[in-house]
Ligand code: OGA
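What follows is a single chain, given as structure tokens, in the form predicted on its own.
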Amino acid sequence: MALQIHPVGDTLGVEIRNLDPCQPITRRDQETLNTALKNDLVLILRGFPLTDPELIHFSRVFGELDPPGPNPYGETLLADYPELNVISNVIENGRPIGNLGAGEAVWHADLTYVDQPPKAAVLHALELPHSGGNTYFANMYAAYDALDDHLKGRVQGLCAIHDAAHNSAGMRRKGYGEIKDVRQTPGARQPLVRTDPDTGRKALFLGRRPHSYILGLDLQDSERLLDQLWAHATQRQFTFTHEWRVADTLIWNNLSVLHRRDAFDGSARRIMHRAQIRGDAVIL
């Protein structure tokens, strides 16, 4: 049967059916998947357990892989597959096997604290708690389009610092000190508005709210504008919620969405393996 795409959210999110990611994927289906990623922003595949080599092979459908960013422990989490990251709360032999723990992960886009962030992420569920740990996505094209003309004019051309010192669970990464003045936050300077190089569509590009600062503004003005943009961008009408099942694989357009995660019972096991796709330079 031919590959099918079924919408699951109002402004983003589709489920991919009649596709086995463990099998060779035709060029036509690869093009369909990449078009869906650009237009629908979040793709969901259900019911196909993937080994690490299969996850790596499938992820390459979407482009060249980028290595994981630094984690708070300062070491590779999967020695045999350094292309992959581990998202987990599990501790084995006194050592965390992955990132982010069991707490809430705030709204963010991945690795926007580097000059050339990944364009997409591929996340595969291996073990899950009975409840909690849902992932939420917000469409930044829709959020930008819904700004009033005054705010659109105000944010155009402005850049913000995207914090490199902390992950999305608030844990400080190895090698970074604590910064008390957000104007001194380490990390890339990114435009508040990103333009897609193929379509010309504009999206808000916010990164992560904690430790952010808009360059050139008075600190209070920066805080007010960031609070306003974040409150707007994460409204329910722009979002979609994914409730995970074991063997789910999610692919999302990292440069055009925000995502966050609910907390869950820390005594339960949650293990996910993740690949990311190399991005292009951000265009203002």
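Note that residue numbering follows the sequence shown and begins at 1. On a predicted model such as this, the values are computed, not experimentally measured, just so you know.
Omitted from view is the form predicted in complex with the named molecule, to which the following refers.
Partner proximity in the predicted complex, defined as non-hydrogen atoms within 4.5 angstroms of the named molecule, places exactly one of 244-252, 22-30, 36-44, 212-220 at the interface: 244-252. With respect to the named molecule in the predicted complex, the three residues R194, K202 and R278 uniformly fall beyond 4.5 angstroms at the level of their nearest heavy atom. When contacts are judged by a 4.5 Å heavy atom cut-off, L147 does not count as touching the named molecule in the predicted complex. When the named molecule is considered in the predicted complex, K119 lies well away from it, no heavy atom lying within 4.5 Å. Not displayed here, the named molecule is kept clear of A102 by more than 4.5 Å at the level of heavy atoms in the predicted complex. Taking the partner from the other structure, the named molecule in the predicted complex has no heavy atom within 4.5 Å of any heavy atom of N167. Listed residues I87, L77, A125, A142 were compared with the named molecule in the predicted complex; I87 is the one with a heavy atom within 4.5 Å. Applying a 4.5 Å heavy atom cutoff to the named molecule in the predicted complex picks out W252, H259, R261 from 247-261, in order along the sequence.
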